[in-house]
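Only one chain is shown below, in structure tokens, and it's the form predicted alone.
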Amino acid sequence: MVFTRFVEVGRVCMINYGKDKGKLATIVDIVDGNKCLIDGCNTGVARQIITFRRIALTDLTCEIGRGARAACIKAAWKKGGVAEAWAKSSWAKKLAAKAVRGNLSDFDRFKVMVARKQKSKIVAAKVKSM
């Protein structure tokens, strides 16, 4: 399997630690082998230097130059359709499903449990009849 997600200027990443956890940002510049400068002007992430351990690289990129300003990044996101592409990705869908499950009430979790039991009972009956 070939590695395809490289740390590069214009790569969209998701922050996985800190106050901006779960938000998208764009790599604007590479500081050294451990840190990069990111800007998430579209998602509310301030321009900051962050270590590679605190970001997860996505498959998405946008065409920007090194050290691009916020206006250029916004235009590149809009032109590249980054927000729409992220919303269609399986990663974003999984995060959304996890958020929905996390917001379920006790009764909602009970209803899910009952539905799963009913489904498994139907499946078991089908398998038994085969």
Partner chain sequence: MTRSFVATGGPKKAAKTVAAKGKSARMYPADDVAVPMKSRKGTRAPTKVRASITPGTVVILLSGRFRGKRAVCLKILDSGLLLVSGPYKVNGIPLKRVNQAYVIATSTKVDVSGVKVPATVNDAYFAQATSNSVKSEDKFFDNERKAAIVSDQRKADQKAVDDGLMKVVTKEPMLKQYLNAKFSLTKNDRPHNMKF
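Everything numeric here is computed off the predicted structure, so don't read it as measured data. Residue numbers count along the first chain shown, from 1.
Below: the form predicted together with the partner chain, not depicted.
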Interface residue in the predicted complex among A96, A46, V31, L104, criterion: non-hydrogen atom within 4.5 angstroms of the partner chain: L104
Partner contact for K21 in the predicted complex: the partner chain, 4.5 angstroms, heavy atom: no
Close approach of V114 to the partner chain in the predicted complex, 4.5 Å, heavy atom: yes
Touches the partner chain in the predicted complex: Y17 (any heavy atom, 4.5 Å): no
K121, heavy atom within 4.5 angstroms of the partner chain in the predicted complex: no
Heavy atom contact within 4.5 Å of the partner chain in the predicted complex, the stretch among 96-104, 22-30, 53-61, 79-87: 96-104
Sequence-ordered residues of 116-130 touching the partner chain in the predicted complex, heavy atom within 4.5 Å: none
